[in-house]
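Heads up, the chain below is alone and in the form predicted alone; it's given as C-alpha cells.
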C-alpha cells in the first residue's frame, strides 16, 4: 500500500462522486429526451444499474493488484510494450477529457455569466484552480471533495423548489417509448456519468480496501444516479415536450425564472455551485494524466507532469470554441470513453483471470 498518500474509503466516495458530476449535467436532460423522450429519467436509473456492474468489475480488477494503479499493473497482464501503448492512450484520454471540460466550461460561463470576458481569461480560471488542487496530494483532493460536496444540498433544494409548478402529465404515460428505446438511450447517460473509472488510479491509496472500498464506490454511483435522475425528472415535469426539444440547457432555464426574497438570480447561484463540480472533475483528469506521465518518465513527484497536462489541455482548448465544433468533438470523445472506461478495464480483468495474473503471483 502507498502509505505516504493514503485516503479513507469515505474520501474515495467523494472522489468518485465529484469526478462523475461534471459539465454534462446541464445538457443531460435534453440529450436523454432526444433518445428516450419523457422516459429519460428512467433511462438514468437503468444507466446507474449498468454502471454499478462495471464498477464491480473495476473493483475486481483493482483488487487483484491492490498496490498498483492501472499504469503499474497493466504490464503484468499484457506485457510492457502493449502496456506502454495503453498508458499513452490513457494519458491522451485524460488530456482530451480535460480539453472537453474546459471548452464546455468556457462556452457555458460565457453564455450565462461573463458575456464579454475574453476566452483565455475564463479558461485560466479553471486551469489555475484545477491545477492547484491536482498538484496537492490525493488525500488533500479527497478532503476538498468531501467539503465541497455539501454544496450539492442547496443545488437539490433549488431544483426541488420548481416542483411547485410541476405538471406530471408531461411524463405520462410512463414507459410509452418502450424498454428497447429506453435501454438504447443509456449510452447517452453513461457518457454523462463517466468518472467512475478513477477507481483504477486511486484504489492503491485507499486504506480500507476490499468491501469497504466497493461499498464507497457503489454508494457514490447511487448518489450520482439519484442526483441526475432527480434533476432530469424536475425538468421533464417543468417544461412541456415541445419546450424540451428546443432548450439546450433546461436546468439553467428552469431556475432562471425562480427568485427568492434575497436571491433574484437563482440560476447564477446554481451555476456557481456547478462550477465547483466542474473544477473537481477537471482536477481528477489532470491527476490521472499526470500520474501516467510520472510513471512513464520515472519521476518521483507528480507536480511537473500534472502541470504539463494542464498546459497542454489549455493550449488545445483554445483552438475551437463554436458550439457545433465542440459538440462534434464531444461525440468523438464519447465514443472513445466506452473504450477507456469500459472496454480496456473489462478486457484486462478477463485476461488477468484467465492467465491467473495478480499481485504476488509469479
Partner chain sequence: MNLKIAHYILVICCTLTLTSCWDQELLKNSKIVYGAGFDYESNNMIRTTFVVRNLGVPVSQGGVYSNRVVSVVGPSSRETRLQMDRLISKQLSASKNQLLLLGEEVAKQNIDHMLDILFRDPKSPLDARIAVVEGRALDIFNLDHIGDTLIVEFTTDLIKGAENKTEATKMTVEKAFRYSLDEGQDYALPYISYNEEASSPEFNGLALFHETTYTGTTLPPSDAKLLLLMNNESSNKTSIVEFLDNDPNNEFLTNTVTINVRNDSVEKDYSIKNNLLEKVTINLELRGNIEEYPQNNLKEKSQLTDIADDLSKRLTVRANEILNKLQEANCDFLGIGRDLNAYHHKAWNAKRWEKEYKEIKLEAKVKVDIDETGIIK
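A quick note: this is a predicted structure, and the numbers were derived from the prediction, not measured. Numbering follows the first chain given and starts at 1.
There is another form of this protein, the form predicted together with its partner chain, and it is not shown here; the text below is about that form.
Remark: residue 272 does not count among the residues lining its partner chain in the predicted complex, judged by a heavy atom distance of 4.5 Å or less.
Contact check for residue 243: a non-hydrogen atom falls within 4.5 Å of its partner chain in the predicted complex.
Proximity of residue 212 to its partner chain in the predicted complex: non-hydrogen atoms within 4.5 Å are absent; the residue sits far from the partner. Contact check for residue 80: every heavy atom lies farther than 4.5 Å from its partner chain in the predicted complex.
Heavy atoms within 4.5 Å of its partner chain in the predicted complex are found in one stretch of 88 to 96, 69 to 77, 197 to 205, 106 to 114, which is 106 to 114. At a distance of at most 4.5 angstroms from its partner chain in the predicted complex, none of the three residues 231, 296 and 340 contributes a non-hydrogen atom.
A heavy atom within 4.5 Å of its partner chain in the predicted complex is found for one listed residue only; from 152, 140, 125, 223, this is 125. Contacts between stretch 170 to 191 and its partner chain, counted in the predicted complex as any heavy atom lying within 4.5 Å, involve 170, 172, 173, 176, listed in sequence order.
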